[in-house]
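The data below hold one chain only, encoded as C-alpha cells and taken in the form predicted on its own.
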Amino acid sequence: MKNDSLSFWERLYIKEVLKGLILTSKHFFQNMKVHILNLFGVKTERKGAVTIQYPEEKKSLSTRHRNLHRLTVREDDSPRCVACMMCETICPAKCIYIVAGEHPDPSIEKYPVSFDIDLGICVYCGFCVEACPEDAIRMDTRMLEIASYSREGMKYNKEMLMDHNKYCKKD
C-alpha cells in the first residue's frame, strides 16, 4: 500500500510557490519585452497585454452584448409594452412581473400598470427581448454597473426601466 502523506518539505509548498513565481515572472518579463520593443518600433506586429483601468477606462462592448434592460417608449412617452405577458411567460428565472390594465386609447388593448424586473435573479438570457412582439424591451443600455447594497435595490420598476432610454440613442 502506498503512503500518500507529505514530507516536511512538501508540506511547506516552497517548491510550488517558487514554480508559480517563476511562471508569473516569465510572463511579466516577456510582456515587458514586447512593450519595450513596440516603444522603439521593433516587432510592432505583436502587441503586449494591456490592463484596462476600470472604471476610469471602459472596454468597448460588442453590439450584441446584453446588459441592463430598458422599456422603449412611444412618441407620447408612454411605454410601448402592450402587457401581452410573453416576456414574463418565457423568462426562465421568473424575474419579470407585469400587471396589465386597459389602455384609454381603444387602438391599444392593454398597457402595463406595473412592470417590474428583479435583476438580482435575472440570468440575462435575452429571451424576454426575443419574445416581445412589440420590441418594447431591450437590453442595449450598455450599462454594466448594476449593483446594490440590498435585494430591494435590484428590483427595477417601469419608471426606472423607461428612464434608461435617455442613455440609448433613439431609433
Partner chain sequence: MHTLTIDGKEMRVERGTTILEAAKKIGIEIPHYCYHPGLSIAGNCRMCLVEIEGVPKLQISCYTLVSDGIKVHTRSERVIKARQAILEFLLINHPLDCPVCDQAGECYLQIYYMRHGLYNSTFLEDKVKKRKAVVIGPTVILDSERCVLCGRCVRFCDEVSKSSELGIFNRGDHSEISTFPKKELNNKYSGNVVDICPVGALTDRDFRFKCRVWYLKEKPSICPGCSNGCNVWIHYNVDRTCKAEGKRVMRIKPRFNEEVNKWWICDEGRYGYKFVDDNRIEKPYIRQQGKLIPVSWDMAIERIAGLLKKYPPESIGIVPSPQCTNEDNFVLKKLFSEHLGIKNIDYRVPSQLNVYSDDFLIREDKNPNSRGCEELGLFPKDKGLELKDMLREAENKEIKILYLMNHDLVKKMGREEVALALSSVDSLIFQGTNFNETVEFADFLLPSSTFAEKDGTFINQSGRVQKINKALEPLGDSLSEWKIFVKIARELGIPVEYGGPEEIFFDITKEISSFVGLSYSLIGDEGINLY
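Numbering follows the first chain given and starts at 1. Because the structure is predicted, anything quoted here is derived from the model rather than measured.
Beyond what is shown, the protein has a form predicted in complex with the partner chain; the following relates to that form.
Enquirer: Going by a heavy atom distance of 4.5 Å, is H65 a contact of the partner chain in the predicted complex?
Expert: Taking the distances in the predicted complex, the answer for H65 is no, it never comes within 4.5 Å of the partner chain.
Enquirer: With the partner left out of view, is I96 within 4.5 angstroms of the partner chain in the predicted complex by any non-hydrogen atom?
Expert: Residue-level check for I96: yes, a contact with the partner chain.
Enquirer: Taking any heavy atom pair closer than or equal to 4.5 Å as contact, tell me whether D118 reaches the partner chain in the predicted complex.
Expert: D118: no, not in contact with the partner chain in the predicted complex.
Enquirer: Going by a heavy atom distance of 4.5 Å, is K110 a contact of the partner chain in the predicted complex?
Expert: Within the cut-off, so yes.
Enquirer: Should the three residues C84, E102 and P133 be counted as contacting the partner chain in the predicted complex, with contact defined as a heavy atom within 4.5 Å for each?
Expert: Yes, each of C84, E102 and P133 comes within 4.5 Å of the partner chain in the predicted complex.
Enquirer: Within 4.5 Å of the partner chain in the predicted complex, counting heavy atoms only, one of 118 to 126, 51 to 59, 25 to 33, 102 to 110 shows up; tell me which.
Expert: Of the stretches listed, the one contacting the partner is 102 to 110.
Enquirer: Which residues in 18 to 44 have a heavy atom within 4.5 Å of the partner chain in the predicted complex?
Expert: Stretch hits: zero.
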